[in-house]
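Only one chain is given next, in structure tokens, and it is the form predicted alone.
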Amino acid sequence: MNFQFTQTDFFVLRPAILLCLFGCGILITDFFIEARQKFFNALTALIGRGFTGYALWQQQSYLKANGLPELVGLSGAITIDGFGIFFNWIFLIATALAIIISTRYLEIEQEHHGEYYALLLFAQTGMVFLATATELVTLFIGLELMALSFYVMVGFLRGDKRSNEAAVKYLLLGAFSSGMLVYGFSIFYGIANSTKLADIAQAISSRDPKDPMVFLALATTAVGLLFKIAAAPFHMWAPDAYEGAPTTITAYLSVASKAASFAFLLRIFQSPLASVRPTWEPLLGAVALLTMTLGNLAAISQTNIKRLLAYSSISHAGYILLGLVSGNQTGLKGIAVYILVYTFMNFGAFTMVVAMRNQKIIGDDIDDMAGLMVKRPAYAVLMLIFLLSLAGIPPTAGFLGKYYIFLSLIQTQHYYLAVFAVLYVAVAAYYYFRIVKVMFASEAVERGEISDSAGIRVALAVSAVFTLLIGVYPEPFLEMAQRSLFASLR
């Protein structure tokens, strides 16, 4: 079979190509940069954001100008559509925020190396394929490129035993989940004699929904995907990885990796497995309920903010899964909105933890924020905004995401799931307000100055503005979610 690389193929791959070029460029130029000039690596990575963003804008404009719902490249392996563009903008924003908060943090940790920024770009390259690929091999390559980058970044603090231990655990469990995923993919290939999602969907729809081979493919693929989004009972890697990783990577891992993994999961469940929804809907409903239960209850007893936010992240994965369980237009719109707002509110919360780190104190215990309202009231107010949004309290954006998830459950008569989801909002509010109480009501502790770099201030400002803006003026964001996710996964 002859394959010819066309101009269309180059056009659909342009964002990924640019990311790889800038990543490799950083690795090369890092050899010629002195230690005190390492910030040039961050600047190069940000310039790469600009070029990648322009390439995404070109793709979006091309579809709109020509009235096309999608553009297919690489013989059907890559599809540029509203779904992929929506998620790629999220990856772009999250990576840019991770870059600008990292310079000061890495200087404090004395681990300011160029490969850090290159790994961020390589991880985003994998995410690009997870959002746009419509073929199993391409999806798996994207997943492993992202995962391998994160395995290294989680253990980036080479002198920190927690970081090393977290990386090893993440690697071993990640390899197990990848093995399960590949096994499921091999069964899909056996059923359809093709690796393209459209062909697999057609083959499965022609079979009995209770076919044991279809169920085996569903079960093994689901295990691999549920691990990637840290859904229970496959969540055990998340608390250790979040706590041990550099806090800047924890922030990036918690939002970008989760968004990419959900993009992957949606592609699989809404295309090849759409015809067997009666089989997987109750299973995902049970997983979502278990995920919310374990995530919220485990978070109550945490004294480390990174572990608390890790369990919080697990519970949020359960809420997003509920949108897929409901499966109607409102649920899909809720997923898109939830992932968008989660990016800003969770990144903002972790950026505050990054700001607490200085030469004297690690800053990731709840008590380290004692009396923050007295010493740095602006930072305390910003953290309050992020925590209110994570808890789903209006008028923050977090309320909007939960509202559409709850509404979709009621519309599809999943009343028991809606009741539990609402009850767990109260549980979440309890452990989030533990942090609020420490910041506003506890006596201030003696500690060094906050890492008040320009990058951290910009990241906090952007996160806070969008956390409030989406909650107060949601119409354009709801329209974007409706157009991107529902239209592409119909």
Partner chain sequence: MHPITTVHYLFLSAALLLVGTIGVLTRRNIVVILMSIELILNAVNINLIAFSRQLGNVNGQVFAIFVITDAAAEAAVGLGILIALFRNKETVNADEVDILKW
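Positions refer to the first chain, counted from 1. Keep in mind that this is a model prediction, so the values were computed, not measured.
Just so you know, the form predicted together with its partner chain exists too; it's not on screen, but the next bit is about it.
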Select from the listed residues L308, A260, L136, A355 the one whose heavy atoms reach within 4.5 Å of its partner chain in the predicted bound form.
L136
Interface check vs its partner chain in the predicted bound form: of V381, I141, A286, I410, the one with a heavy atom inside 4.5 Å is I141
Classify P212 as contacting or not contacting its partner chain in the predicted bound form by the rule of any non-hydrogen atom within 4.5 angstroms, answering yes or no.
no
Can you tell me if E243 lies within 4.5 angstroms of its partner chain in the predicted bound form, counting non-hydrogen atoms only?
yes
Mark G179 yes when one of its heavy atoms lies within 4.5 Å of a heavy atom of its partner chain in the predicted bound form, and no otherwise.
yes
Just checking whether F185 would be counted as a contact of its partner chain in the predicted bound form - the rule being heavy atoms within 4.5 angstroms.
yes
D81, S275 and R277 - do all three of these have some heavy atom no more than 4.5 Å from its partner chain in the predicted bound form?
no
Heavy atoms within 4.5 Å of its partner chain in the predicted bound form: which of the stretches 185 to 193, 67 to 75, 247 to 255, 122 to 130 has them?
185 to 193
Across 148 to 175, the residues having a non-hydrogen atom within 4.5 Å of its partner chain in the predicted bound form turn out to be L148, Y151, V152, R158, G159, D160, K161, R162, N164, E165, A166, A167, V168, K169, L171, L172, A175
